[in-house]
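First comes one chain, alone, set out as structure tokens in the form predicted on its own.
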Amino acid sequence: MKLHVFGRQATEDKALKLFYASDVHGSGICWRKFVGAGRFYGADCLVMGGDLTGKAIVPIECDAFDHFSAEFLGEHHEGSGKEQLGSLLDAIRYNGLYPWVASREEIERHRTDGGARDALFEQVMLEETRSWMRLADERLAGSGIAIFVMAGNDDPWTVDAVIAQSSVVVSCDDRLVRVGEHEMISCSYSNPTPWKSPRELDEDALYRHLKDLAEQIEDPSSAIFNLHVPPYGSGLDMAIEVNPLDLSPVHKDGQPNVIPVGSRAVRQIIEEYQPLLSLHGHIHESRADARIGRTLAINAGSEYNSGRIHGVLVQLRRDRVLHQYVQG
């Protein structure tokens, strides 16, 4: 298989510097910080580990006199004019949600029509993702900084085509690419979750999928695994157990019950192939690193609704890796 090489090559005395982040979930400010991290940290390449899109639309009712009103984060907001409206739009996007300005009639029609509501969400989500790709094109063209992006389990399949349309972003899901001297495979799927998200496979199917990708690698010892879901029981996958019937948290002895929720298939594939580095997201609250054999596995974590991007800065040589957690 012919591999395309992205990013500057490491030399004998210079490591490849990589910035990784994941799970920005529609936060425009986190995406801008991700795109800017290459220059800020002097990184050779950027890797985004999935879950790009937001989870909901916030309708903003606007009349012919530029007066607007909306319910947002449990509070009623209203005002008039472009400046006040712009502040509300920014606040909604800051929290990873999608603002939609419309008349009262349009809002009511979508509220009562599930099909129209779904189509609207898809339209708004894809428009926002296109604007993110345009920003990456504008900021990184000619910079020499490579950028790799994949979706995650929460993202609909239509997002992939938008990522692929970028002139600078490498859509890396389900592919083997070369990052400097390192081969990298990427996978957006997760093991089953209580939320029944768009990209889930049972553990056997996920293992087969990962195996097919890993078999393409020539030198696993210097490879990077960019796998959205973390390995089971690694400390990178600790989350509050939820009741699958109503998604309420499970308590034991009066406390939320924290359990490992990662993928056994991901753990198995790491144990078998022992890549140099394995990058993960998915479990926002489980920012951590662990050794699985010789492999350094990292979950950068996420705090997207605070406007802060959690990332990890990694320096890679052929057989060594150093890392530092960063946020901004």
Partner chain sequence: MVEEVSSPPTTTATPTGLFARNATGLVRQVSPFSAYVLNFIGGHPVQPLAFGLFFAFATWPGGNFFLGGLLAIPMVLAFSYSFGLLTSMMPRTGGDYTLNSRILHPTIGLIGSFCQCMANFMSAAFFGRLIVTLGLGPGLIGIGLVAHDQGLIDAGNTLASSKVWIFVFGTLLFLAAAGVLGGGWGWTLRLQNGLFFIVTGGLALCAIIALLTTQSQFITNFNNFAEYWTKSPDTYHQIINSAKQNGVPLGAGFSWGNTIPMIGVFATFSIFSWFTSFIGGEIRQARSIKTANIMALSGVTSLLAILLCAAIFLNTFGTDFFTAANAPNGMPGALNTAPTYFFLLSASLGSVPISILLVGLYLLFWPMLTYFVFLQPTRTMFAYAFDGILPKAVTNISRNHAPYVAVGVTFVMTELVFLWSLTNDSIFQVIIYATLIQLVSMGLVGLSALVVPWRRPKLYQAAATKIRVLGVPLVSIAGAVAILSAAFIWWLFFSYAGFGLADPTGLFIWLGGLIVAALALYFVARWVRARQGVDLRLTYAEIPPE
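None of the values given here were measured: they were computed from a predicted structure. Residue numbers count along the first chain shown, from 1.
Unshown form predicted together with the partner chain; subsequent notes refer to it.
Taking Arg32, Ile57 and Met238 as the candidate spot, are all three within 4.5 angstroms of the partner chain in the predicted complex by heavy atoms?
-> Yes, the whole candidate spot contacts the partner chain.
Partner proximity in the predicted complex: Ser166 to the partner chain, non-hydrogen atom cutoff 4.5 Å = Contact with the partner chain, no.
Looking at the partner-bound form in the predicted complex, is His282 within 4.5 Å of the partner chain by any heavy atom?
-> The answer is yes: His282 has a heavy atom within 4.5 Å of the partner chain.
Would Met133 sit within 4.5 Å of the partner chain in the predicted complex, counting heavy atoms only?
-> No, Met133 stays farther than 4.5 Å from the partner chain in the predicted complex.
May I ask you to check whether Lys252 falls inside a 4.5 Å heavy atom distance of the partner chain in the predicted complex?
-> Contact check for Lys252: yes, within 4.5 Å of the partner chain in the predicted complex.
Among Ala37, Leu277, Ile270, Cys45, which has at least one heavy atom within 4.5 Å of the partner chain in the predicted complex?
-> The option sitting close enough to the partner is Ala37.
Quick one: find which of 175-183, 141-149, 87-95, 217-225 has residues within 4.5 Å of the partner chain in the predicted complex by heavy atom distance.
-> The contacting stretch here is 87-95.
Would you mind checking 115-151 for residues with a heavy atom within 4.5 Å of the partner chain in the predicted complex?
-> Those in contact are Arg117, Asp118, Leu120, Phe121, Met125, Arg139.
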